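A single chain, nothing else alongside it, follows as structure tokens in the form predicted alone.
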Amino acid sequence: MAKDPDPNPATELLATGASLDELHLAAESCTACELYREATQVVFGSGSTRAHLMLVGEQPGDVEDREGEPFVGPAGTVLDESLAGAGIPLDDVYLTNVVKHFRWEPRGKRRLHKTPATRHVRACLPWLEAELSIVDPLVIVCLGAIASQALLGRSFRVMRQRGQAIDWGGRTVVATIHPSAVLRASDPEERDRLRAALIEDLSTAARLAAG
């Protein structure tokens, strides 16, 4: 009996020496979970393969889903501004998400973000592991709870442990808030506080990467 094709071929492709471009192309056909059915397209990582920092978010949003690039929506604008505030050039950053398809629910004519489930994270982890293997960043920055817990375990709490240098299998991980938390802040004072926390944690990651 013929073996069914692997719904997520990332590990096999990496073993054959596939490039990021080849992985991206293969991810467009990924059926490891059901999210591909409702998403416009896969949103793979973007940036230099020599980046010292890999920033890992939760999943693409509505704008990212339509454009096919990570962090190009409102949260991406906050992230760009925060990177600039931390003195981090975009050339030194690789941007990606744990989950590569947009999970959403309808609200009238709008598509609202819906938090990915554990099964979606598990289905997508081989893609992230392949990106990590190829880019080999000095420091991984987890943006938000989903990304942090995907790497550091379900008991990890971002607001209690953000900004700490954590060893993760020989790699250094720093967790911080997701840029969308700044956008959701209830008042300008809270927004400024969260933005400052994000910049502080990004600055910590940059210092760690610089040795």
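One-based numbering along the sequence shown. Since this is a predicted model, take the numbers as computed values, not measurements.
Keep in mind that the form predicted in complex with uracil (URA) is not shown, yet the notes after this line are about it.
In the predicted bound form, no residue of the candidate spot (H24, G45 and A130) has a heavy atom lying within 4.5 Å of uracil (URA). Across the options 169-177, 61-69, 155-163, 46-54, residues that bring heavy atoms within 4.5 Å of uracil (URA) in the predicted bound form belong to 61-69. Only one of the listed residues (L83, A75, I140, V93) places a non-hydrogen atom within 4.5 angstroms of uracil (URA) in the predicted bound form, and that residue is A75. For the partner-free chain shown, nothing in 31-51 comes within 4.5 angstroms of uracil (URA) in the predicted bound form, judged by any non-hydrogen atom.
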